[in-house]
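The chain that follows stands alone, in the form predicted on its own, written as structure tokens.
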Amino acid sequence: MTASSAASRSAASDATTARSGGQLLVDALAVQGVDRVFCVPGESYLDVLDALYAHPDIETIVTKHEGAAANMAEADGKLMGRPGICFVTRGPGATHAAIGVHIAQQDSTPMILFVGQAPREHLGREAFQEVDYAATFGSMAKWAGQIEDTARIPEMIARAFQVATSGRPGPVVLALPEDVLGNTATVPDTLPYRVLSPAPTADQAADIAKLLASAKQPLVIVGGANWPAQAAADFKAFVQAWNLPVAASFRRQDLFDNRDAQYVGHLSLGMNPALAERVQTADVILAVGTRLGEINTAAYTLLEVPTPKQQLIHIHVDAAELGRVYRPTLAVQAAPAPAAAMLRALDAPAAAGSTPWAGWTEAAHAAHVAFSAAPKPADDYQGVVMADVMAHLNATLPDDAILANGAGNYTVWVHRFYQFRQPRTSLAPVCGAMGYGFPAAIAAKLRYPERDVIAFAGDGCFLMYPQELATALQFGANVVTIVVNNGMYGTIRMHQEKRFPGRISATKLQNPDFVAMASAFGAHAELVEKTEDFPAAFERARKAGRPALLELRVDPKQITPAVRLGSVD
């Protein structure tokens, strides 16, 4: 149901009828266009669960852990550009779900977490599972509040959607006291929210064109959240018309076709040294949507703080981000859609191929292509070669396939060697949260059942939420999960070897039989120990008609695509 149709239905309802707080809340969600919620049920919000029973148009996805529910809601918000919705119970439920709020904050994802709360008359006594949610989530969410009056539920829900989506998107946390949900009130519903999107001015557009035209070594950095398909298309048209080199910010590679002649790489962990050098030697940088955070700037070293030596044009939806770390030459507050439309409308050079930076763009793209080529495995390499796995996926997956991953060194192969081609085909936490990929992939497959959805997880990463195999089976989310098994927490081991070589502590993993585990849940599962066996195994997984898991045994010595450990004892 769309927000407009839900609003029409609600407006036609009898505003003189008393409704419970739970019914008012779920009716308000319907008004805002919600069609799916993720939850772990709890007695603290039984009135909401009862109201959902009466709303079959809102699908309720029940997960096995609140952290997974919050991750799924965040991923749904990331895919749809509207708030993903999560319900959890008070105390332990809320604290388990905090990871999803943190991801939504750092990834700029619209999301609303609803938390059951003790009755108001008991608050302040440290009642059973009582938590001060405003204090707990206040520094993490855009707004953390508590609904104190049943009659104000429609108002507070409308505000939650408005806050979560306007400006820089982000999470909202609302606590729901049991008595507020159980009480009744006679109050009309509100209207659907409307996203407020700041736009650039004509003078700013002219200044951008002037600065770019004066460049000899320009570089565009694209990033940020909530890019509609048309905005990505407008941005691509602008880049091609001007023949500008484009680098994607950390885990935002899907904003620009990685096969394009203007694409020059990913500002990420394991960054191409040639790309890092180009950031430092560029004379004009156009940063669109990105915050220019720690990872993108190699710990704030690629641009000088507070005033970069490069002329910096910084476009961001949130005025608070403009000048927060770097003082730009030109600051423009604008959302991705109006910013991209403005850039597309700029008068391009008459012959983009003959601009002063044509050779610069060509060389930067060539350096990216060379860096993305699969390196030859070491002579003593044992197990599946991940670069070859990614090459196979590049060759066989359709352009709209969605790849999800969590955190760990295995992700370096995914982001270095896979070519993303369309917006919203990458689900990867900017905040670097382990365990994210598998729950996120389930949310993606539920949203787009007709598309290929691939979850990547390290062995440690997958073990954060393996129980969500049951959720995938229950709700028919036929995700293909690739578990990259090297028997260790690879990222921590890598840093450990750098600082304390030979002193292995707390980074070994004693893993279960992943194939037996997945099979016990009812999933299709296979073990792959040789690179040449992967293509056939992957096709069987894609065609299994149920969730599938492929365990890839990789060489534990190959800690990154370019670095091997001397020993893993």
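Quick note: we count residues from 1 along the sequence shown, nothing fancier. A quick note: this is a predicted structure, and the numbers were derived from the prediction, not measured.
FYI, the form predicted in complex with a small molecule isn't displayed, but the following is about it.
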| in the model of the complex, which of the listed residues (145, 432, 154, 466) lies with a heavy atom within 4.5 Å of the small molecule? | 432
| request: Could you tell me which one of 317, 479, 461, 219 places a heavy atom within 4.5 Å of the small molecule in the model of the complex? | output: 461
| request: Heavy atoms, 4.5 Å, the small molecule in the model of the complex: which of 420-428, 404-412, 180-188, 208-216 makes the cut? Say which one. | output: 404-412
| request: State yes or no: in the model of the complex, is some non-hydrogen atom of residue 193 no more than 4.5 angstroms from a non-hydrogen atom of the small molecule? | output: no
| message | Since only the chain is shown here, I'm wondering whether residue 486 would be in contact with the small molecule in the model of the complex (any heavy atom pair within 4.5 Å). | response | yes
| message | Can you work out whether residue 298 and the small molecule are in contact in the model of the complex, taking contact to mean some heavy atom pair no more than 4.5 Å apart? | response | no
| Is there a heavy atom of residue 490 no more than 4.5 Å from a heavy atom of the small molecule in the model of the complex? | yes
